[in-house]
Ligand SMILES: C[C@H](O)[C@H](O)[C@@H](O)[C@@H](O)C(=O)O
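In the form predicted on its own, a lone chain appears below as structure tokens.
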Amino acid sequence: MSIPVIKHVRAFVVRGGGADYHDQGDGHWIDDHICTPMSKYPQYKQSRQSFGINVLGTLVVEVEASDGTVGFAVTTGGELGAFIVEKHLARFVEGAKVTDIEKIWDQMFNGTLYYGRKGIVLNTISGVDLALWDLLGKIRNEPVYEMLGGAVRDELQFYATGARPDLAKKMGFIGGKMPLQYGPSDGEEGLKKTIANLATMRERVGDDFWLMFDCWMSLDLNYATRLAHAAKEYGLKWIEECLPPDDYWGYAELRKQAPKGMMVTTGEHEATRWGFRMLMEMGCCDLIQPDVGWCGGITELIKISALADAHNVLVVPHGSSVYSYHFVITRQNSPFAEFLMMAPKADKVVPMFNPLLLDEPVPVNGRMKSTELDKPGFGVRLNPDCTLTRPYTH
């Protein structure tokens, strides 16, 4: 069988939701008084958009094969990512066989090493990588999860991230992760409010429902330790991303000091096997949360997951919709998945990348059958009603 080659790679930008899920309108819980590293500055305290969390927008990468098949993927990256794809990464993609995914990844990573390694460059590489997996799945007429070795369970189960864990329980989710609202800049009063809110939520959901805090890089070691111990009596399952991503030493110490039975988790803003190797070899966490659209794509997540398996660390990817679902269902060390509640009031289930993707599956009663993922590639389509712009060409 002749293997098609990749003829074209194209990069587009879209605004308003999509992979840049922080790019929402007014009144959305995801931008309402959430503690951040910028909370110490009063003018940037109330809204994450005030300091620019949504400035990038969504990057859409398309790869077209010589037989006319088109694969695509979405991630954050916007115009910066589009420039990198069109002006730099295209040379490694075009002309390669559609099966050359490992080689293309290696060339993209090493070719950008002098200015990349993490952040926007890895977001962009991830987008290209995911598009290549989508393309290969379409050519083979196979879903990505089948190409990764097949499902190890019949269905996925989800916890919900959002402002209303009590509503998430009614929708059938196994747990609810709340955004932390108060941090060090709010002093003792803020800590008391946090624990009071946790106590209220525990009363609403009962003892058997998971509750977690997403701290979004906003704390220091002392505050995070105090918060963990104050939350212990309310059965907090884990405390997430308390410290800056590069503070491996702080995470290692936090894990030592955290209450027994409470997990320390992080990794949403980490990238590549080398970053996660640091987290695991230094004993920083019990569970890692790589975002497949930011950490290096499926190709790199395979390596990260194998490393985690050898360290007895769970892998529960951050958000990322179908791109993580196809991975999680193939891994024994990924026993559940995250679902971001993108309804403004976190009161109903809507697709995470709405309105950009069509046919995006969502949990029903907190579950998703593997058969929901049975379409070729990642099984989603771009919404033609969304306005895509191509700021650069090559």
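Keep in mind it's a predicted model, so treat the numbers as computed, not measured. Residues carry their position along the shown sequence, with the first being 1.
What follows is about the form predicted in complex with the named molecule, which we do not show.
Among heavy atoms of residue 268, some come within 4.5 Å of the named molecule in the predicted complex.
Although the partner is absent here, residue 175 lies well away from the named molecule in the predicted complex, with no heavy atom inside 4.5 Å. The named molecule in the predicted complex is approached by residue 48, whose closest heavy atom lies within 4.5 angstroms of it. Looking at residue 357, you'd find every heavy atom of it more than 4.5 angstroms from the named molecule in the predicted complex. The stretch in contact with the named molecule in the predicted complex, judged by heavy atoms within 4.5 Å, is 333-341, chosen from 333-341, 64-72, 38-46, 357-365. Think of it this way: in the predicted complex, the named molecule has a heavy atom of just one of 138, 318, 202, 255 within 4.5 Å, and the residue is 318. None of 161, 218, 123, 305 but one reaches within 4.5 angstroms of the named molecule in the predicted complex through a heavy atom, and that residue is 161. In the predicted complex, 22, 29, 30, 34 are the residues of 22-42 with at least one heavy atom within 4.5 Å of the named molecule, listed from first to last.
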